[in-house]
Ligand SMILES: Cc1cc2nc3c(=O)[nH]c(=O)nc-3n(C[C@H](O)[C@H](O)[C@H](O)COP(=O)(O)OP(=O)(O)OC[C@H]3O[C@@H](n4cnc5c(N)ncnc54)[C@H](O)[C@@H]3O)c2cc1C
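What follows is a single chain, given as structure tokens, in the form predicted alone.
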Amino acid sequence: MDRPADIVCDALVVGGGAAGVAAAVELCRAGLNVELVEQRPALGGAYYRQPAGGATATRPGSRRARQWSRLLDELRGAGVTPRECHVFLGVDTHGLALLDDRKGGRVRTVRTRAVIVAVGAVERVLPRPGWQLEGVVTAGGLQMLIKESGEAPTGSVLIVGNGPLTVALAADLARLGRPAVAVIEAGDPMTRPSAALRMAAFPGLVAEAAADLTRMHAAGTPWLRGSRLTTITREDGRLLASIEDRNGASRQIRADIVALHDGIRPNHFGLPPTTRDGLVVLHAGDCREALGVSSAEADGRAAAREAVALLSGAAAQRHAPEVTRQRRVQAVLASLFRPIRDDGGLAALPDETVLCRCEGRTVGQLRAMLTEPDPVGAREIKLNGRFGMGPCQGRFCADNVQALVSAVRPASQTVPLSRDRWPARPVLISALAAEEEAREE
């Protein structure tokens, strides 16, 4: 006997960013009954993150704001009312999707024929000695804070890493009158003329990058290209970053906040794409392939069309020309920002470097496990070594752990630390109790 559900729909879209909103619109246009859920109090995702608590948007009237307004108009026109503050918990053994309604204080069940997961990308940050210290954050996280609050953080900021997001963050800080101490960039786009010329095929991105660079330089923020961060320590209540340039010369920079960024990667953690027991599960946008907001919107629409085809029993193959175009963009950007020096990667890190921040597990502890006489597998690394066992469940350390395993034992088979299941999320007991009481009634 089927378990009754609180909500019945044709398709459930998880994530209210560009991909999720675009998918919901396309599904509605195809005549499906759609539920769109977002864990935050407002739609927008990372790129279109909205101000909170009456804060002023950092870039009002910008191209970004106009694009988001267009998507919202499409969503309203399609008649979709999003469920905000609803956290997706996964799919239970009855095939019901579970939603933690944070406002209503209860867990709701959804019977659906399709789930489109559009939860965005995960920021990539490589371990460095001292990266676990208080005041060390991710550049993407800091950018989200600025978008939500409309204000710069208190204290001086040093931006470190690789890629165009570091320049965008520096421009945002300059716009708010709090320019960064410096931007430390591992690559040097100024020495890659051929890649720069290929960027001419994407004038919109070139114009946006030029504006960010102009604002950053006008604010007096140094752009130290071809440099890398070697260590972070704390001295007299502030962070002290040791920087090494392309020639091996060292310098130290003090800051209250160090923002790290090494790119973004798809958010593969969660339900695997599948069609099983009548339920279609698809991924869309940056959680499937991290290519940026234009690609995310196009892929969301393509995923919706694929879902419609699969639900009708037809063969389906996803196709979106904009996704192909954005792959070319990302390939050019990767060439443009390619690090100048090979620093040896994770294998060169000192033993005391923290690898798993949740559990405080170090590079040396993993190396010790890997050099034991009896080979250890992913299960032992996770259960005995505690790598990937913290609150993030390996979402931020699993890739680094696997990379170090491959470096220490090149012949070993790489086994993922995590399973293809939705990451566990904390749920109030009262919310679970409310769901049980509603079922009994």
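Just so we're clear, the structure is a prediction, and the values are computed from it rather than from any experiment. Residues carry their position along the shown sequence, with the first being 1.
Not on display, but discussed next: the form predicted in complex with the ligand.
The ligand in the model of the complex comes within 4.5 Å of a heavy atom belonging to Val37. Using a 4.5 Å cutoff between non-hydrogen atoms, Ala182 does not count as a contact of the ligand in the model of the complex.
Although the partner is absent here, Gly394 lies well away from the ligand in the model of the complex, with no heavy atom inside 4.5 Å. Proximity of Val14 to the ligand in the model of the complex falls within the 4.5 Å heavy atom cutoff. A heavy atom within 4.5 Å of the ligand in the model of the complex is found for exactly one of Phe88, Trp131, Trp223, Phe337: Phe88.
Distance criterion of 4.5 Å from any heavy atom to the ligand in the model of the complex singles out Gly140 from the list Pro189, Gly163, Pro127, Gly140.
Heavy atoms within 4.5 Å of the ligand in the model of the complex are found in exactly one of 116-124, 361-369, 302-310, 316-324, that being 116-124.
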